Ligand code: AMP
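First, one chain by itself in structure tokens, the form predicted on its own.
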């Protein structure tokens, strides 16, 4: 595995790989790696000739009162995990390299980035789209791998790729969960033992919604209300949203007649967690 820190070196190496006819798989991360990230690397290894992983905590996707400064960072431990997964190139640029002095361009992805997470975190998806577009230009991947836990983010990236004609195939990989169902997330590190137990309510709520649908419930409001009621039984939980939406547009549905995406954002103490379940009927 080679550790790359400069954009020019990254571009030179991936250009060489392309000249050799090798298919490049890319896994963008913000570090603090866990099994969910590693599953993306394994998926990339199976499908591609060379695997590139980026470690970059992107400042532009954090709001002024969010956790950019304290976001978990473990570059040395992350590098060990990447080497174990036989990553070819580990890209660790600085914020100054990605956003040099005078940088003043942002990408806005439209309505899909302004609902749910976008409504509660203004500017978040503009920051995500901008950094992903920049990383695509730096790395020139053929295939990029994202986790389905960040479902709306994946929808946003697909929109970005379609609208700006990036020659990149987007692959969404299944959410990796702990034994009790909690979706793996770097932010799980913030949780105390008591909060960690309370966080199981997210998965339980998704299971409740899925069970209702499988039992024949077709009124979206009923499903949303039952999921909400269950979460509110947990004293440590505070709901940002519970949504029953269309899998592609994320718009709320009223009568369920096909696949739906159940989306949650819930605070457990001072930690904000998101999760989802795609239900195909």
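Residue numbers count along the first chain shown, from 1. Quick caveat: nothing in here was measured; it's all calculated off a predicted structure.
We do not show the form predicted in complex with adenosine monophosphate (AMP), though everything after this point is about it.
Engineer: Have a look at 234-242, 217-225, 34-42, 249-257 and name the one stretch with heavy atoms inside 4.5 Å of adenosine monophosphate (AMP) in the model of the complex.
Structural biologist: Single hit among the candidates: 34-42.
Engineer: Mark residue 147 yes when one of its heavy atoms lies within 4.5 Å of a heavy atom of adenosine monophosphate (AMP) in the model of the complex, and no otherwise.
Structural biologist: Residue 147 belongs to the contact set for adenosine monophosphate (AMP).
Engineer: According to a 4.5 angstroms non-hydrogen atom cut-off, is residue 174 in contact with adenosine monophosphate (AMP) in the model of the complex?
Structural biologist: Result yes; residue 174 sits at the interface with adenosine monophosphate (AMP) in the model of the complex.
Engineer: Should residue 30 be classed as touching adenosine monophosphate (AMP) in the model of the complex when contacts are defined as heavy atoms within 4.5 Å?
Structural biologist: Yes, residue 30 is a contact residue.
Engineer: Counting only non-hydrogen atoms and a 4.5 angstroms cut-off, does residue 153 reach adenosine monophosphate (AMP) in the model of the complex?
Structural biologist: Output for residue 153 is yes: heavy atoms within 4.5 Å of adenosine monophosphate (AMP).
Engineer: I need to confirm a contact call. Of 203, 136, 190, 71, which residue comes within 4.5 Å of adenosine monophosphate (AMP) in the model of the complex, counting heavy atoms only?
Structural biologist: That would be 71.
Engineer: Using a 4.5 Å heavy atom cut-off, which residue among 92, 184, 79, 143 comes into contact with adenosine monophosphate (AMP) in the model of the complex?
Structural biologist: Contact residue from the list: 184.
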